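So this first bit is one chain, no partners, the form predicted alone, shown in structure tokens.
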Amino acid sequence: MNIWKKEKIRVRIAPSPTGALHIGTARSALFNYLFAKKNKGSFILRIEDTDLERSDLKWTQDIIDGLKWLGIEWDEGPDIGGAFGPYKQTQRIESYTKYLEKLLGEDKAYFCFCSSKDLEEKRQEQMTRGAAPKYDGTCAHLSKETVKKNISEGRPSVIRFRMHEKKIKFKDLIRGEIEFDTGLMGDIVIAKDTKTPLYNFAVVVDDYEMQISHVIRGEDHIANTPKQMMLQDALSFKPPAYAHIPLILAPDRSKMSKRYGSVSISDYKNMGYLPEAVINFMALLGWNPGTEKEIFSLSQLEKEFSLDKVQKAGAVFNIQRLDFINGYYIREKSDKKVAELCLPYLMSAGLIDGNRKIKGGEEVSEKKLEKIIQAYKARLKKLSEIVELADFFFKEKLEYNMNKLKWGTMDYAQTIESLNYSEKILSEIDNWEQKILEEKLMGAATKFNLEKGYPEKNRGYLLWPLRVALSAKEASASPFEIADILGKEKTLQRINDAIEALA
């Protein structure tokens, strides 16, 4: 890849602020960022906001916030400026007007007055004949007088670019040589008027004026490349190098959509995925390191990423893989840090307030919260799961499903007997520590089985009803961990509450 050292590497990501930052856009931003870092180049953020009806400042901010949360920093952009700004298309209208007027003046573009209805009828007629649907050139050779008259009368119009018939070939840095026949495309619309450019024109001007050396984008833009190259040629612009990365696909290999889960970065953040996990996961969507290694920090990716390891085939989104990676990064953090990250989810669920107090008024100490995290950190796939896993620690009273309290073939009376046995053992313990609780209860479980005629090694007869009494859950941490966190008074109270529910 030394060929890229010959010129200053400048890449960009250019999202439209018409919605939340999409995971596909974020992945494209990541690949551009990594390519720039690897080659000591510059990464630019540009906002393509010329769609005035759909663009919104809140989505611009969402894009900026999302990329910053991921740790993807840009060298130039709308919030920090740069030598090639402005970095919002709505602030670059003068540039577009200049080049549009140049194309019109050289007869490389023209005004088209065909109505949407006429265009659709012609398209349908072409398709009926089995011909490629394209503009038939009705307005391609109108006289200057006719054009001037139509414009003065306020007739709706657009600006079309003359797509001369030729074969366009370019070498894609991921897919190899690609060829298009522009004769199948017809003259394309490049602007609504001289102050309102459309995507294919605006992007060509922006990339040229910002001296973009490489355009790394999704494969859904491949069909736009010959149009943009024709415009570059007409304007005597040097074309950038192109690399089209695979699309992110749903498990059924369809285009990723909300049908298969969230598609915006803010959604993943809100669900409790860590930025380093999302970065790691996105990097593996289309990039293959060539080893079995799955865990990569951003700094490692900056060193190891290369376009020649980006695959051509679509990258299937596997939520289980994301969960696995996220779980890894959660486990790598200290209990204190995970507790800090989980706190907003507990507060949002109403389990504790801003003063770390539960509804009964009891304050949840930092130490207690860290103990809860210690008991559940290994089970967390995402931070938000702490609410469902550990909500019982933050409640004064639990609601019991009586059948869940029973173990195996035990009936209610036998379950009450088991809980009374646990209550007696625990009430006699003064040194309330997990290790001691485990030692006493494990010994008691064996003794209880022998006394009651249960299988000696099946400790569930004592420990299952106790664990469910303390948590009201079928799956939870061990009763020793839970009792240690709850404390003696609350542990004994919950055992009595369960007995009352069964009686």
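In case it trips you up, residue 1 is the first one in the sequence shown, and so on. These figures come from a predicted structure and were not determined experimentally.
Below, we turn to the form predicted in complex with glutamic acid (GLU), even though it does not appear here.
Within 4.5 Å of glutamic acid (GLU) in the predicted complex, a heavy atom is found for every one of Arg12, Ser16 and Arg217. Checked against glutamic acid (GLU) in the predicted complex, the residues Tyr199, Phe84, Phe305, Phe296 give one hit for a heavy atom within 4.5 Å, which is Tyr199. In terms of contact with glutamic acid (GLU) in the predicted complex, the residue from Arg92, Lys382, His221, Lys406 that brings a heavy atom within 4.5 Å is His221. The chain is drawn here without glutamic acid (GLU); in the predicted complex, the stretch among 312-320, 407-415, 357-365, 199-207 whose residues come within 4.5 Å of it by any heavy atom is 199-207. Taking the partner from elsewhere, Asp62 is found to have every heavy atom lying beyond 4.5 Å of glutamic acid (GLU) in the predicted complex. In the predicted complex, glutamic acid (GLU) lies beyond 4.5 angstroms of every heavy atom of every residue of 395-426.
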